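Only one chain is given next, in structure tokens, and it is the form predicted alone.
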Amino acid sequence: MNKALSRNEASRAGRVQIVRSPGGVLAWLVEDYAVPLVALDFSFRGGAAQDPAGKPGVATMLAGLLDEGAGPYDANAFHEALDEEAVHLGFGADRDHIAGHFQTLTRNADRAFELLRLALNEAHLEQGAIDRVRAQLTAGLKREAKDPDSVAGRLFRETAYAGHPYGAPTRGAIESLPSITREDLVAARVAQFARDGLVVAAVGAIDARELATRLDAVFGALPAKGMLKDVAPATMQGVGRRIVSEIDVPQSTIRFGRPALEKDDPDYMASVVVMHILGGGAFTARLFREVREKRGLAYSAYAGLQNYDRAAMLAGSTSTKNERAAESLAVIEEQIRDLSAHGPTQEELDKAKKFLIGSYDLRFDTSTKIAANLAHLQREGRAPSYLDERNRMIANVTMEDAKRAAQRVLGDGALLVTVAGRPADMA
């Protein structure tokens, strides 16, 4: 286990160094020399929300092309160079960011960081690679068209955020991917790969001086400011609706949700505790207990909070036999209404707080996890002190806080529900 941010230490936050390179690139650093590795997690503000209208999938396609040839290397040579130096490098896009993760042995650091620099600054974006990545995305979307979980999820998102960039598919649509051009990809890179939207976290066998030099070498030549379009706050729509997409499969997948609290809301941490009680990843969660254990309706049922830069929602899911879909949804709705009206029991509150506090350490047991979490906190606008404050905030949630948060988040229990399958007796 990586002990760089173990809870056994007096302060996790105390291990985090704020490093600013001579060129002004900012990063959070945790030094750890237990193994000769360096891990980076980084992101640029933008992501799929910046995709041009009618062309969803640009950010995802761009992320998929960054290691498909760069600088003096074609696609095959670039991947061979990564393999030769045992460099782990990957990119991806979500709603609000294009992100990357990077890991190298310290003995290979010079060439590894150079490969990272090339991917970010000199990726070829050649037509052959574009066509190859487009074909991969299209094949995945064709498979998903017959997958009830994917269909229910897409229907939920399109309904919840209709007319907003968050309602568009992150990985594109079969009908729109052919229209994405190299010019679209180049424009996205120019707009998003800038230092003002950059977040970097580094963990491992590297000191502040060396990291500062590496930061300027990799990111220093990028534009100072991006050219992002404004993304309006998204208000979740469709609450109270049930929408069914028929697919000839023996099980139905149910997606459900409603608006939730933003992360800067005073009741946010109490809502985290409440949502763990409702549908968190533990056997004591109400949905697991009522849907699976007591009635055997489904293998799992969960609900949690999803927060984007411009929206927040409660989102949950379960899969069950078609003939029991209506019953499963009724149980879920009953539990949501009960928790809203009466709040949790003291036992539920105590167990949820204990679990959330005790499991936090698992987010910091490897260098890559630490880097990912440090980058995530930066994107949320947190200070390093949050690493120490988080568990104290969980511990300080009172029954009064939990009841208030339950009422605010769960309200009257009305949900947007999307179902994919052939559910019986569900309108």
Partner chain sequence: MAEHNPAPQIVHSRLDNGMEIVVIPDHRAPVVTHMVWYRNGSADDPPLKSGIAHFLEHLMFKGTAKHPKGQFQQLIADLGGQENAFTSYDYTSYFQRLPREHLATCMEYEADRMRNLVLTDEVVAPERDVVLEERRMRTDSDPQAELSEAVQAALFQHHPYGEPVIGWAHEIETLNRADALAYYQRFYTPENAILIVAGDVTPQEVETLARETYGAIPARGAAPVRTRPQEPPQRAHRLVSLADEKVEQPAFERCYLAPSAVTAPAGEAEALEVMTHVLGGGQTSRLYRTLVHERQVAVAAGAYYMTPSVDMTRLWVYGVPAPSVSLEEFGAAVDAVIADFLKAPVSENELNRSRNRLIADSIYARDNQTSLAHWYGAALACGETVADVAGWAERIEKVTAEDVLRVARRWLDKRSAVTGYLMPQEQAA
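Predicted, not measured: the structure shown is a model, and the values here were computed from it. Residue numbers count along the first chain shown, from 1.
FYI, the form predicted in complex with its partner chain isn't displayed, but the following is about it.
Asks: Does each of 34, 148 and 361 have at least one heavy atom within 4.5 Å of its partner chain in the predicted complex?
Replies: Every residue of the spot touches its partner chain in the predicted complex.
Asks: Which of 270, 339, 298, 277 has a heavy atom within 4.5 Å of its partner chain in the predicted complex?
Replies: Contact with its partner chain in the predicted complex is made by 298 alone.
Asks: Identify which of 105, 243, 120, 185 has a heavy atom within 4.5 Å of its partner chain in the predicted complex; exactly one of them does.
Replies: Contact residue from the list: 105.
Asks: Pick the stretch from 255-263, 315-323, 207-215, 192-200 whose residues have a heavy atom within 4.5 Å of its partner chain in the predicted complex.
Replies: It is 315-323 that comes within 4.5 Å of the partner.
Asks: Is the gap between residue 99 and its partner chain in the predicted complex 4.5 Å or less for some heavy atom pair?
Replies: No, residue 99 stays farther than 4.5 Å from its partner chain in the predicted complex.
Asks: Just to confirm, residue 292 within 4.5 Å of its partner chain in the predicted complex by heavy atoms?
Replies: Yes, residue 292 is a contact residue.
Asks: Using heavy atoms and a 4.5 Å limit, would one call residue 355 a contact residue for its partner chain in the predicted complex?
Replies: Residue 355: yes, in contact with its partner chain in the predicted complex.
Asks: Could you confirm whether residue 221 comes within 4.5 Å of its partner chain in the predicted complex, counting heavy atoms only?
Replies: Residue 221: no contact with its partner chain in the predicted complex.
Asks: Taking its partner chain in the predicted complex, which residues along 359-378 bring a heavy atom to within 4.5 Å of it?
Replies: Residues within 4.5 Å: 359, 361, 362, 364, 365, 366, 367, 368, 369.
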